[in-house]
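Have a look below at one chain only, the form predicted alone, in C-alpha cells format.
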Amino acid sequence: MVGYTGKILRINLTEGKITTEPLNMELAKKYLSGRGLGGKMCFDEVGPDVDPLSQENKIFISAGVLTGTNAPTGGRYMVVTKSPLNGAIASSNSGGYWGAQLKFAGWDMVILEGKAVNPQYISILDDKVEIKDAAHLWGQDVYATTAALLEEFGDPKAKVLTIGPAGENLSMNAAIMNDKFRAAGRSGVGAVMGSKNLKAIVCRGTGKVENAKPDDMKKVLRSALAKIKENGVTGQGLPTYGTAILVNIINESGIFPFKNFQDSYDPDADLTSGETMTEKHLIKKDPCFRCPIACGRYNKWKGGEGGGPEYEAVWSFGGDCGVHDYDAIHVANDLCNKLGMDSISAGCTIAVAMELVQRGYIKQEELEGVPLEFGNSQGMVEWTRKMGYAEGALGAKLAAGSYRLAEAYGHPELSMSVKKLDIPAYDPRGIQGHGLQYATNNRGGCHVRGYMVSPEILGLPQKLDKDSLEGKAGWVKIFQDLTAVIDSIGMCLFTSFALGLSDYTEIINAVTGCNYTDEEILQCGERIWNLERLQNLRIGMTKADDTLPKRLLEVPIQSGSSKGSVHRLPELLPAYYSERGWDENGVPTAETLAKLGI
C-alpha cells in the first residue's frame, strides 16, 4: 500500500541498539496507522502488569498513512504507550511538522524500548540514525533544547521532539512537545519518555510520500478543500479567531465550567474570548503542515510572545481558575509549552488545588506565601511554574495531577476527572451526548475521541438537542469510531466539521491504492476502539470506571442557560453498551470480537 514507508525504527535504549523492521501490512490494513497500529502493537508488546514508568514499557511514535502527503492537515502523529496516569493505552496526538519529517525520513513508526543509563537524544537523518549524549540538555526547557539541537544538527528544516523538566520529573501532567509549541499532551506520555532518560528526537527527512492514484487525489482534494473552505467553522470561525472562538459559544450554551465546575457560566467570559484574543493579542496565524484551516495562533502578551493558547488552555487557566487576565493565561500556557506540560490537566490541577484551599483542606502554611485562590492570576502563574518543576512539597503534589492531589487530601471527588484524566472545557451536565463519551472514553476525560459538541452545540453535521437522550448512544459510538479513523490516518479532527466518512475513505483510497468501502473504514475505527477497551479490561477497569464525577451526576448547574441540569448517565450507559455489542458489564461479546477480527 502506497502512503506507508513500510519501515519501522526500533531503538533499544538499554543496549544502545538500533534496528529496522518491515511494517506488518496485514495489521496496517486492519488498524490503519497512527493511533490504531500503534495501539495494536502496544497491546501485543506491553503486558497488563508492566509498570508504565519501568523500562519494560515502550513508546510507539506512529505517523499516519496520510502524514506527509498532500491530504489536508496530513501532518499529525501519535504517541502511544501505557499511561502512567491510569494504566490504559495512552495515544496522544500532535500536529506541527515533526510527523511529516518522520515520514520524509522513511519511517512509519519509531519504537522506543528500555532505559538509557544516562540522558540521551536520538538523531534521525533519513536512514542515518544515532543515539547521542544529552547530558548538556537534561534540565533544559523545551525552547532551549530545541534551539540547541537545531544548532547541533545544522539543518534549519529539521524538527525537534522533546520533553521539558516536567517529563524529567515524571509528572503525571507531562507532555511530549514538538516544534516548540505543539504537544502530544495528555495521559502523562512525557513522563514515560523521561523515565527512559530520553530527552529528545531531532528528525530531518529528504524524501517524500507518494500517492497511489495522483489523478484521483487531485479530484478528491479539490472536493475536500472546497468543503473545508465553505464550512462556517473550518472556513471562517477557526481561521479568523482560532479555537478560542468557542469561549463565548460554550459559555452562552451554559456549559463553560467555572471555578472547578462549581458553576458553568462565566458572566465575564468575553474577556478571554477568541474575539478578544484576536483584537488584542494576535501577531499571526501559526498553521500545521498542509493545513488550510490555520487555527493555530502566535500571540503577544505583556512581557512576551509565543504559541497559543488554544481554547482548552484559555479555559483551564481562565474560567476553571476564575481568572480573566489574558496576559496571565498566556504566561501560564507558555510555561506549559516551555516546561512540557499538558495545558488542560495543568490548569485543571491548579483549579482543584484552589478548591482544596477554598474548603480548607490545603492549609495556608503549605502555600509558602504564594496565593492559591480562584481569581488570583499571580498565584495561578507561580503555582503552574512550581508544578512544572515539582518545586517544594505542594509543587510535587501538583505534579502528580489533580486526581492524586485531591486523593492526597482525602477528597478525590473534587478532581473533575474520568479514569484520572481531567475533563476539559465542556460541562457534561448540559450536553448529554458529550458527557456519555467522557464517561465511556477509553483514555478517560477526553473531548477529542468523540466530539459530540459538534452536533449538540455547533449543529454539525446536524443539530441535536443537547439535553435530549434520544439516539445519543448511537451518535456517540459513530463519533468515537470515526475519530479513531481520523487519529489513525494522520489528519486533524477539525476536518470532520466539514468532511464526512466518504471523504476520508476517498482520500485513503487515493493515497494507498486500496478500495476500502465506507463500512470497512468505519469498522477499522470500531476495531481500534474495542481493542483499547480490552486493554482497560485487562488492567482491571470495570463498568464502574465508566462514570463521571459525583458533582456532575448529582449537583445541578447553578446558573446560565443550562441551569438545573445534571448528567443522566445511568439512563444512557445501557443503551451505549448495546450499541457497541457489549454485555451489560461493558465487556465486548465474543460475537462482536469475531466480527471485528480481534
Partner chain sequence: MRVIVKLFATFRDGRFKVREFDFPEETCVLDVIQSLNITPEEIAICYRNGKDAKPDTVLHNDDTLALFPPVGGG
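Numbering follows the first chain given and starts at 1. This structure is a prediction, so every number in the text was calculated from the model and none was measured.
Keep in mind that the form predicted in complex with its partner chain is not shown, yet the notes after this line are about it.
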query	finding
In the model of the complex, segment of 197 to 205, 179 to 187, 127 to 135, 229 to 237 with a heavy atom within 4.5 Å of its partner chain	229 to 237
Triplet E252, D467 and F494 all within 4.5 Å of its partner chain in the model of the complex via a heavy atom	yes
Touches its partner chain in the model of the complex: F261 (any heavy atom, 4.5 Å)	no
In the model of the complex, I245 touching its partner chain (heavy atom, 4.5 Å)	yes
Contact label in the model of the complex: F104 to its partner chain, heavy atom within 4.5 Å	no
is_contact(R297, its partner chain) in the model of the complex, heavy atom dist at most 4.5 Å	no
Listed residue that, although its partner chain is not shown, lies within 4.5 Å of it in the model of the complex (heavy atoms), from H447, R443, R290, K397	H447
Proximity to its partner chain in the model of the complex, single hit among L458, L225, A144, A212 (heavy atom within 4.5 Å)	L458
In the model of the complex, residues of 408 to 426 near its partner chain [heavy atom within 4.5 Å]	Y426
